[in-house]
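Let us start with two forms of the same protein chain, each given on its own as structure tokens and named structure 1 and structure 2.
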Structure 1
Amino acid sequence: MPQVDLEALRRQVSQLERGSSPVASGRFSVGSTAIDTALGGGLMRGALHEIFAGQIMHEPSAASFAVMLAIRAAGERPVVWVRQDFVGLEMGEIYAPGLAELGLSPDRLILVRARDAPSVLRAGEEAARCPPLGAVLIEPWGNPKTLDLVASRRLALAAGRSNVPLFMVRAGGTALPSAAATRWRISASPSVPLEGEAPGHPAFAVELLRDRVGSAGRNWIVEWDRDRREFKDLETIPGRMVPVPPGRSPDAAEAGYRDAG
């Protein structure tokens, strides 16, 4: 009987399970082979990631994308979401049944409502120091004065120590110098309609504006598959024309938008 190398077999199986992009250590798979590969094996776990909205009207997509990354990173562990009150007033309050429909069970979520940006940062840092958490989302509004390089370094440091990923949704904000490991810009993208021209699954135009260790300036159009908790690459679906939303191009990277809407 030939000797079976169990370890090698296990590695092989896990490779198959994870698809063609093995996830590097200290990272988690964002759930899309293309993006994982571009990131060099998934997204850094103990780090700060900034997520911008293409325009202020796309804030729900940016926040949802952050939720999806949190779902990927957290598994079954609890998630803390710190949100400045103004975001809720402007873009609507978090709706738990809607989160459940994205795949984040609301009973795993602790929501902190903060009056101002300093409170958001303070609560976010406190939460990011708690290792049992799966992920922390923080959502200050605009470009608060307190969110400088020092503040973002503190957040990144807290995330690094606890190995809890920290996603900062920058609704209505522009790119400032920060210690974020990656920076994304998310916009809603036309979905693949279902039967009877019904709106389909959430689709986003994802731009990787910055990656501290890898290449940046890439963009994808993806669709969130709630049932499998992963992203589907929309451009690879044969026979589908996906219109690129106007007003956005990779050239506009790092520029950031302001929108009066």
Structure 2
Amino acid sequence: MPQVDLEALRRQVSQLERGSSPVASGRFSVGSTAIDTALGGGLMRGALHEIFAGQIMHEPSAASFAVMLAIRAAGERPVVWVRQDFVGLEMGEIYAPGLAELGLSPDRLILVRARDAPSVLRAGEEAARCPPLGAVLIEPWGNPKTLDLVASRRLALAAGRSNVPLFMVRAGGTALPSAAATRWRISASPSVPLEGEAPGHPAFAVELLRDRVGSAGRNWIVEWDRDRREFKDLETIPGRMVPVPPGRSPDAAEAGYRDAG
């Protein structure tokens, strides 16, 4: 999991662009039948997608959900994750073994450290222009002034031209006017225990807040199958909670982060 700055990212992007990796087109399935159906076959590749947490305690789950979408989109191609330094201070640093547990090999991740939100947006746009990449994640903190409608349009245009999906995790932020194709709100959900009360797969409460080409206002409970690298629908019984195995935190994203404290 190499950590690079903006100049190093530009060099790596230039090297990738000289390769012959094909550009995938259209949409990609997330695995969940219910979500794929609501989206008309899956998420658009050449687009910007925004991901929020339901509450501050669910920020790691929102980031993990974005990572899992990137895994689905990227296949075996590299993933770039541009992260503002302050996010690491507030939410904890990325933990390579945890990413591997989610199904993302650290060898396929290029982690870019950025000191502020403008640097995050510049690096994200730079990476999104590179067709051989599988996906790009960007993680600015809060509601920076530079993250306006014009900036989001630049990101969306870069993703559209390269056909590389761009996922923006809005850590500590609130919804603003945006050119994002979809907007999601993610919370951790109790996992379903496996045989012998073994810890279950990471589970999420997913709400589609916005879909520019379809219907929004939909809710689902899904779990992540790391072996198949796909989301699966969870059936819930009204009025009942899915039990949490002993010693299992309901935070589905704990594997991917190291405690910042």
Partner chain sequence: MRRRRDTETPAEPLVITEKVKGAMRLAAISPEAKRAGLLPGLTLADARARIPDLWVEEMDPHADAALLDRIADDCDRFTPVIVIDAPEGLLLDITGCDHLFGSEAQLRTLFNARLRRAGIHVRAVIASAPDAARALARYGRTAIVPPGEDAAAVRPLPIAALGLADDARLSISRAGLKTIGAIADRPSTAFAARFGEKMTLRLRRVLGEADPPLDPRRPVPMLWVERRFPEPIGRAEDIEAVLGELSDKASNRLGEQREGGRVFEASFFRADGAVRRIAVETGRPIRNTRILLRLFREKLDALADPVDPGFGFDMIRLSLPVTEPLDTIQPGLDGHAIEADEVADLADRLSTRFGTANVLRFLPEDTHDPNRAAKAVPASFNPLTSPVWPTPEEEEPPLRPVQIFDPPQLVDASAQVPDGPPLHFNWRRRKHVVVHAEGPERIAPEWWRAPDASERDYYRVEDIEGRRFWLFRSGAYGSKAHPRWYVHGLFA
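Fair warning: this is a prediction, and the values are worked out from it, not measured in the lab. Note that the rigid core is defined as the largest set of C-alphas that superpose within 1.5 Å between two forms. Here, a residue number simply tells you its place in the sequence of structure 1, counted from 1.
Asks: Kindly point out the structure, among the two, that is the form predicted in complex with the partner chain.
Replies: That would be structure 1.
Asks: Determine whether the C-alpha of residue 213 shifts by 2 Å or more between the two structures once the rigid core is superposed.
Replies: The answer is no, as the C-alpha of residue 213 shifts between the two structures by less than 2 Å after core alignment.
Asks: Once the two forms are fit on the core, has residue 197 moved its CA by at least 2 Å between the two structures?
Replies: Superposed on the core, residue 197 moves its C-alpha 2 Å or more between the two structures.
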